[in-house]
Ligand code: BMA
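Just one chain follows, in the form predicted on its own, and it is written as structure tokens.
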Amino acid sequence: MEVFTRYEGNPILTVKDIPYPANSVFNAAACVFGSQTLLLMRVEDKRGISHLTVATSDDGVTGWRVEPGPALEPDPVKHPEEIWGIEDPRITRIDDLDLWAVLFTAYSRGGPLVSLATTRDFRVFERKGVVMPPEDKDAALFPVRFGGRWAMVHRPASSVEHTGAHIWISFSPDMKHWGDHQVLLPARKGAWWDANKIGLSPPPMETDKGWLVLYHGVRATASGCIYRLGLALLDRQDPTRVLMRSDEWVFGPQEDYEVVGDVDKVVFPCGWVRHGDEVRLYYGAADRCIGLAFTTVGKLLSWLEEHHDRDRRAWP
């Protein structure tokens, strides 16, 4: 069963759509904002420094309107952790607080780390600062509290070559002070497609069966790394409980715009949008452009049920 169907007009956004000089556009967070689909895109300038820019569309597929300038730029004077750019955002709607929370990677002198900003209009952002120290990235919030605490999925990676880069979950009473850190999904080892290094892709999606997680796995090969996507399902009441995890990848680079770019063989989604059962996946392709793929919640859950790893001995 083909789970994802690529939009025939891919890529939907390229650097040619950016109304100011830039090198590339990719890895966009996504949400429904009013009647529009909104993307908060990573744009890399010609220095190699990234910032975040907004694009909107009435139908979420065509007619993208890109803002004339960045929505969120690095501010290394007030926020020295952003000296080498900000990148790879994930958006979570927090209804209890009537705002949008944006977790993004700040590229500091000490390595990548996780920072938080909030907004109500995607024009004015309130930076909350660093919430996870280096090296850490691929972070997103759940939209609800668990036992009165917020939960964050993220990916520390201080010693990949020795211990692997795993997906963790942490909890906080206030979104500022985080603790109760624990490994949620360990990277497999050996020949697996998701051996040694994995990370969250879009924020977890709530379904009747549990929290659906789409994650990327990085396979190191003789010709370079390959970024592919897999699925996992977490318990709705206790997101530390992994109910299922796929043994195969569900989506990987195959089209020219996904295979050849600034970083070859990469599909990297930071956002998905749900309309009823339909899911639209917005993904960075080869670190140079943005693609769109369609699926349904039903397809994702059915595929995961069929392909989940029943033998957890492969997990470290």
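The shown structure was predicted, so the numbers you read here are calculated from the model rather than taken from an experiment. For every residue, the number given is its place in the sequence shown, counted from 1.
The discussion below concerns the form predicted in complex with this ligand, not included here.
The single contact residue among Ile49, Val32, Val263, Val66, judged by any heavy atom lying within 4.5 Å of this ligand in the model of the complex, is Val263.
Contact with this ligand in the model of the complex, defined as a heavy atom within 4.5 Å, holds for exactly one of Asp194, Asp136, Asp88, Glu81, namely Asp88. Although the partner is absent from this view, Trp249 stays clear of this ligand in the model of the complex, with no non-hydrogen atom inside 4.5 angstroms. Of the heavy atoms in Tyr282, none are within 4.5 Å of this ligand in the model of the complex. When this ligand is considered in the model of the complex, Asp287 lines it closely, a heavy atom lying within 4.5 Å.
Although the partner is absent here, Tyr215 lies well away from this ligand in the model of the complex, with no heavy atom inside 4.5 Å. The stretch that touches this ligand in the model of the complex, counting heavy atoms within 4.5 Å, is 264-272, out of 33-41, 57-65, 264-272, 251-259. Contact residues in stretch 1-37 (any heavy atom within 4.5 Å of this ligand, taken in the model of the complex) are Phe26, Asn27.
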